[in-house]
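Only one chain is included here, represented as structure tokens and corresponding to the form predicted alone.
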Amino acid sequence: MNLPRLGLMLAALLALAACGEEGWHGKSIEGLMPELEFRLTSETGETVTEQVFEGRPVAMYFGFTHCPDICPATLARLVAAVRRLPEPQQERLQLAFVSVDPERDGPEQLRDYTDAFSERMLGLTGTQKQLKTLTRRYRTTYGYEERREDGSYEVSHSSAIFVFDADLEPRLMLLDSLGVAEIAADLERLLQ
């Protein structure tokens, strides 16, 4: 094999390797985190565990309903990506929104918020202890800024979407930099 051709092949292999881990657009978290486990309150007011998703892949996002920009933009991209999937895959995938602002996000607020995005999205929240346990488990954080004079405040949080397979094993972290087509491609591949 001649040297220029070998150089081109090496360059192509390096480019492919840089296109994402194992062909994913998002970051593979397989084997890096424990299986999904929680005890939270759902948008119906019931206490639920991870068993509510048993047998179904789930895409989970941590945020809060008063979020002015990141949460609605991320959830809108996720829902748009899901709509690109074949109908059987859409029906298999569960979407979950976990509010890290339980003081303002009760069951009714969560239900109204998630319903505005998709009927396939389940709203969840919990006590500070429950939320801290869950967010530490997946190495994500959140925090509260100082209250304003009117009592309002902002919440800082991760913008990543965590995707678990049907066995509730962590598979992907979809970062904020991904577009609708990239998210859809990763979800379709996972659901095949």
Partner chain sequence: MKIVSGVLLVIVLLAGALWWVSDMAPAEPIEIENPRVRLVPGGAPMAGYFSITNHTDAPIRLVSAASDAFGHVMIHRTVVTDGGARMEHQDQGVLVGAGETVAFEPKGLHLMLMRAQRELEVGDAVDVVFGFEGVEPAEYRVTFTVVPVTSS
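Positions refer to the first chain, counted from 1. Quantities reported herein were computed from a predicted structural model and do not represent experimental measurements.
Missing here is the form predicted together with the partner chain; even so, the following discussion is about that form.
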The partner chain contact at Asp112 in the predicted bound form, heavy atom, 4.5 Å
yes
Thr133 within 4.5 Å of the partner chain in the predicted bound form, heavy atoms:
no
Looking in the predicted bound form, any heavy atom of Thr125 within 4.5 Å of the partner chain?
no
Does the partner chain come within 4.5 Å of any heavy atom of Glu145 in the predicted bound form?
yes
Can you tell me which of 45 to 53, 30 to 38, 163 to 171, 63 to 71 lies within 4.5 Å of the partner chain in the predicted bound form, counting heavy atoms only?
63 to 71
Residues in 145 to 165 with any heavy atom within 4.5 Å of the partner chain in the predicted bound form
Glu145, Arg148, Asp150, Ser152, Glu154, Val155, Ser156, His157, Ser158, Ser159, Ala160
